[in-house]
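A single chain, nothing else alongside it, follows as structure tokens in the form predicted alone.
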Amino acid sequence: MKHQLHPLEINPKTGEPFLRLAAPHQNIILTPPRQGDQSVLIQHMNDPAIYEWIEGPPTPYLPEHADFWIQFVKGESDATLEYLRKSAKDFPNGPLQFVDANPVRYLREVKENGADVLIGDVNFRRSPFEEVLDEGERKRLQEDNARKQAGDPTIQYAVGDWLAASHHGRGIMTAAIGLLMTAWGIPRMGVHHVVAHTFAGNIGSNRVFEKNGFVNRGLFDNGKTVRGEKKVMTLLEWTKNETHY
């Protein structure tokens, strides 16, 4: 009988759940966010090789921004894990319950001495429908999508990610997204439809998604401005019935 945390492994020393990437990246794990991640997060979010390609972080990225973010994402992860632990009591003989998020999202590189270092983030969330140009229609779709119960195959999800510049070009994010899709998104969230919205020119990120079965639908302009700069975006789309997953 599979436990409600399946397929997460549990660190025997800390009790923390994790997913491990397959070889040759077996020294990379996905874990929940941790209190204490702030200092490394500040370093990454102040690196233009990262922040110029993602929408969220303010610049400069200050300790109060990191404190707010870690509290927010850790709260999301903790809530999902608590629901699954409660489900283990409520459904001791199954079935596995659908959830609305991936509670392990922070990529960490495990060193030879057992310590690990935060190197990235990958996360599923309900889609913001960036590709819908009409603002009113976008809001309607967001609200309709948000009302759906976890596991509903008609939910549109979006995936976002970043990876430390020191680890670019090694296939790590390609492997991480593939693992999350097959091990968690599809079986534990009921994911059937995922989009990614990248800034125009982010060829590396587009390639990562395309290697995982996403189809590049081309550029779109919804009027977005990020940190004072107008951004044209690329839509990449994955649907369960069109891929090998």
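All values derive from a computational prediction rather than experimental measurement. All residue numbers refer to positions in the sequence shown, first residue = 1.
Here the subject shifts to the form predicted together with a small molecule, a form of this protein not shown in this document.
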item: Close approach of residue 53 to the small molecule in the predicted bound form, 4.5 Å, heavy atom; value: yes
item: The small molecule contact at residue 92 in the predicted bound form, heavy atom, 4.5 Å; value: no
item: Residue 128, heavy atom within 4.5 angstroms of the small molecule in the predicted bound form; value: no
item: Touches the small molecule in the predicted bound form: residue 173 (any heavy atom, 4.5 Å); value: yes
item: Sole residue of 153, 136, 169, 75 within 4.5 Å of the small molecule in the predicted bound form, by heavy atom; value: 169
item: In the predicted bound form, the residue from 62, 49, 70, 183 that sits within 4.5 Å of the small molecule by heavy atoms; value: 49
item: Region of this chain that lies against the small molecule in the predicted bound form, out of 27 to 35, 215 to 223, 191 to 199, 62 to 70 [heavy atom, 4.5 Å]; value: 191 to 199
